[in-house]
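Next up is one chain by itself, shown in structure tokens, the form predicted on its own.
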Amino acid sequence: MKILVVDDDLVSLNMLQEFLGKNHFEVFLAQNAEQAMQEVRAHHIQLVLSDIKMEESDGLSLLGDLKALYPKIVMIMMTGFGSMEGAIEAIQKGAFDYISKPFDLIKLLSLVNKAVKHVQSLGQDDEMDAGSLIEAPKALIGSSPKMVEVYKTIARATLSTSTVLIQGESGTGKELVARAIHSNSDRKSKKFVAVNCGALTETLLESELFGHVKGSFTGAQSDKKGLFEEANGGTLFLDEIGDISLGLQVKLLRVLQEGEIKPVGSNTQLKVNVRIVAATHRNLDEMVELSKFREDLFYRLKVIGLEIPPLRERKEDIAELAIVFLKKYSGKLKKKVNEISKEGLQSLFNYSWPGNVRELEHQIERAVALTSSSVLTSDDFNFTPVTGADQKLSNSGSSDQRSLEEMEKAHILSVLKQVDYNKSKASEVLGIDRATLYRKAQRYGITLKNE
């Protein structure tokens, strides 16, 4: 098959020409958008591999122009500057996929082969809908390959109405991902409603989700609309979905199957049109195996699955994140702190980050608040010494060697030590309210000092 490679870097062009040529592609080259348009017209090319940022051209503009003229053309976008905004823009403009440089050539070949099959299928299938270009919230930060994969899944999720299950450790930004999906979907003009399922008892959570009628239980002095009704037409974000009881799981499954809710104490079913985005830091696969989470609900929720990597697995993003937080808090606190020293950045890079991005943000805020210098150094950061257990967690990156309960207990202890047992700060870093912190401390036998 003919393939056009568009890049203003001659080294990349020649490398890709040689590699793809050896794999039985007829390769054409272009160094800018104008040349690319000429090559597509002259050789009837159906598959294009294009860089996004070029000195003389914008790859996304080329994507839009080519899709407008040739709706069935298939384009893979390459970038050395991965971002959520770029992935959403590329995929919603109709890109087949989006890959970050430097890339593994074997993975690239696999992606190109998938694109070839897609080209062949377009002879029978309907046109791809490119969707409309929507500006994304600049909340998620990082251009590492793992984050680029997250951005691509977000972009594809915006074009769907299916349920989404976001999995990842505390502090990785699960709610930011949920908001990004909502604000770039066709439901963006409707409400985004969030609830932390782990912060409420079963009775209160059922009432919050489905509403209740007057007199249905002690204290129900009037009818109350539930969050499903409040989010009607929009998105309901169910955070910490792994904490809900089996009884409530049955009721939630019924809503997903029937599109109806029944307020507590009522015999009336109400139709609702709500997209569910759920999130958890727990290992739901393991909970399903232990019969702690319903398998049918798990698969209903995980139509689109998205795993957010912990910060220790994308350390190449730390410097970018740190600089963004530095600018944020130097402005917010009205302090002229405009740099992090080289050894300061190295200390951030060497730390294991059990609290993930939220912990990094807290560290930068604290450092800016306390420093008397315009440059942050390693002395400005207050890291909790890494214990053997913490190091094991950092190195494993999974629950293979430790139970979920042990991991959570170690993480809570680590954060408490880091913030000198300030319960408000600990709750903020952990992403839970104080009531949940007290409940988890009691469960794990953790003593909260200075009570």
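Just so we're clear, the structure is a prediction, and the values are computed from it rather than from any experiment. When you see a residue number, it is the position in the sequence shown, counting from 1.
Same protein, other form: the form predicted together with a small molecule, not shown, and the subject of what follows.
From the list 334 to 342, 366 to 374, 350 to 358, 288 to 296, the contact stretch for the small molecule in the model of the complex under a 4.5 Å heavy atom rule is 350 to 358. The closest heavy atom approach of residue 140 to the small molecule in the model of the complex falls within 4.5 Å. A residue is said to contact a partner when one of its heavy atoms sits within 4.5 Å of a partner heavy atom; residue 241 fails this definition for the small molecule in the model of the complex, lying far away. Proximity of residue 158 to the small molecule in the model of the complex falls outside the 4.5 Å heavy atom cutoff.
Interface residue remark: residue 192 is not counted as part of the site for the small molecule in the model of the complex, having no heavy atom within 4.5 Å. Residue in contact with the small molecule in the model of the complex (any heavy atom within 4.5 Å), chosen from 89, 206, 380, 169: 169.
175 is the sole member of 175, 97, 149, 229 with a non-hydrogen atom within 4.5 Å of the small molecule in the model of the complex.
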